[in-house]
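Take a look at this single chain, the form predicted on its own, given in structure tokens.
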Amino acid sequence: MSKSKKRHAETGKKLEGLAQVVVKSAKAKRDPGIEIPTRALSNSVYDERRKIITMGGAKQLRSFFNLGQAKKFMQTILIASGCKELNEQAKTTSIRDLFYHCKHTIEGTRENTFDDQSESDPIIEDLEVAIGSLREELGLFAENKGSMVGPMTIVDDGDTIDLRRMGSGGWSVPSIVEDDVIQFRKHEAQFILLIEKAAIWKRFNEDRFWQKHRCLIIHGGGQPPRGVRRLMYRMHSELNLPVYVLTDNDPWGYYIYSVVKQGSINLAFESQRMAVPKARFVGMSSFDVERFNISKSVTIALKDEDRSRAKEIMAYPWFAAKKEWQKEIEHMLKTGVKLELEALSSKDFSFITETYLPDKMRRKQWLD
């Protein structure tokens, strides 16, 4: 049995197991319930040895006869049932499509099973942690968000694609990037560069940065989605390619790097398959105004929410123990300003690709 078929069969058994627990309780005339691991900061643990965020052991019981939980219990069973249908039919669908598949008005009432997708999305994540299977293994995908180009050939669902010949838009990174869908072939890449914004990625693509510096350039349209993070993890672990992250000089850029490097607090259960602990930060620095003689007219004053978020990030265990990161954030707070990558265009449109990043890489001016 192939690895993908084995994973498919295992997911089906997990979904059946969840249903059997509920049926067994009902037959025994007990309150049917499902244990859901708590997805919160309070149940997240930083694994010092592995350098990733992991999920703790705290759980909550979601039961049918608890009036405060009855609706969520029913919604969880509906989502699990929809995923079981997908599994049995060996199909995939979007998380939006599953929402509509499970939405209906309960007979004899005016109550809907779901009113909005904002209700079903968290339930999908609850199901993931409850049975220990990722959304992608449940046959669910999100809309494509992110593009990549570079010196590599891949196979995408049976089609051979040369990432060197993807034009101005690049290859659209899918939500599901497991090895039964995406395979890596010939490549000359030496590293991966994750760029925060699509507009900046376009500058790097237009200037053929990836060709000059033999790298793969990828973006996720801000906070990179799971498909982009999972793909980078696979290329890093399977092809031994270093990962560099280029973001704005603000708390939100720092958090993007944090998620890539250590994993997400909300989705701590999947860090081991997405986080890249050796990723390096080559984004804008609060010291770059002096280093690159950037005009202070293009800096942006920090807001109260920026200061608050920066202090939160400083306290993260994976940042708190690093003097260089403390120094970086303290300097940003001291100067009272932040910098966007676009600020470099005040010097020249291609300054970021021809001078700024090559200089930083050559001098190894990154944060770890």
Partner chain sequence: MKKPEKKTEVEADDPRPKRAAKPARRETAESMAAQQKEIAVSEFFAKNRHLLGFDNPRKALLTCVKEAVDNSLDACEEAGILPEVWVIIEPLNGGAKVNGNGTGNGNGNKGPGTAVPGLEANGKSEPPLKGLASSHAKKEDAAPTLMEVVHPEMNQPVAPSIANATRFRVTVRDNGPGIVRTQIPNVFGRLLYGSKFHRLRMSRGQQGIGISAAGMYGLLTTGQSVEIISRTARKKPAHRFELQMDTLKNRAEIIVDVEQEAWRMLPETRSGAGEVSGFNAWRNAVEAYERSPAPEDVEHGTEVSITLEGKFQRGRASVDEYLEQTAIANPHAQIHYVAPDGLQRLFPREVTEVPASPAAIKPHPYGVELGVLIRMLKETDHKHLGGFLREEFSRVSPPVAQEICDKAGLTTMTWCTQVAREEADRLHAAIQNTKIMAPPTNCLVPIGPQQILKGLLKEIKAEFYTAETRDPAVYRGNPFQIEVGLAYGGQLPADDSARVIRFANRVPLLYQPSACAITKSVLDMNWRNYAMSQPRNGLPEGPLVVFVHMASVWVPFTSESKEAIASYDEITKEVRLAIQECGRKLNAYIRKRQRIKREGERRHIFEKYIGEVVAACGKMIRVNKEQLYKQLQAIAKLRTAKADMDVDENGKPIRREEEDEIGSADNVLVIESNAGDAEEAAAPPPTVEPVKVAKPESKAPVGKPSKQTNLFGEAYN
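Positions refer to the first chain, counted from 1. None of the values given here were measured: they were computed from a predicted structure. Heads up, when I say rigid core I mean the largest set of C-alphas that superpose within 1.5 Å between the two forms.
This protein has a second form, the form predicted in complex with the partner chain, left out of what is shown; the following refers to that one.
Contact with the partner chain in the predicted bound form, defined as a heavy atom within 4.5 Å, holds for exactly one of A130, I161, A198, M74, namely M74.
Only one of K212, K186, K91, H104 comes within 4.5 Å of the partner chain in the predicted bound form through a heavy atom, and that residue is H104. Considering the partner chain in the predicted bound form, the lone stretch of 53-61, 296-304, 28-36, 325-333 in range is 28-36 [heavy atom distance within 4.5 Å]. The partner chain in the predicted bound form comes within 4.5 Å of no heavy atom belonging to T153. Of the heavy atoms in T113, some are within 4.5 Å of the partner chain in the predicted bound form.
By the criterion of a heavy atom within 4.5 Å, S346 is excluded from the residues contacting the partner chain in the predicted bound form. At a distance threshold of 4.5 angstroms between non-hydrogen atoms, L78 is in contact with the partner chain in the predicted bound form. For a residue to qualify, one of its non-hydrogen atoms must sit within 4.5 Å of the partner chain in the predicted bound form; all three of A19, V22 and L67 qualify. Comparing the forms between this form and the one not shown on their rigid core, the Cα displacement of G56 stays under 2 Å. After superposing the rigid core, the Cα of E111 is displaced by 2 Å or more between this form and the one not shown.
With the core held fixed, the Cα of V45 is displaced between this form and the one not shown by less than 2 Å.
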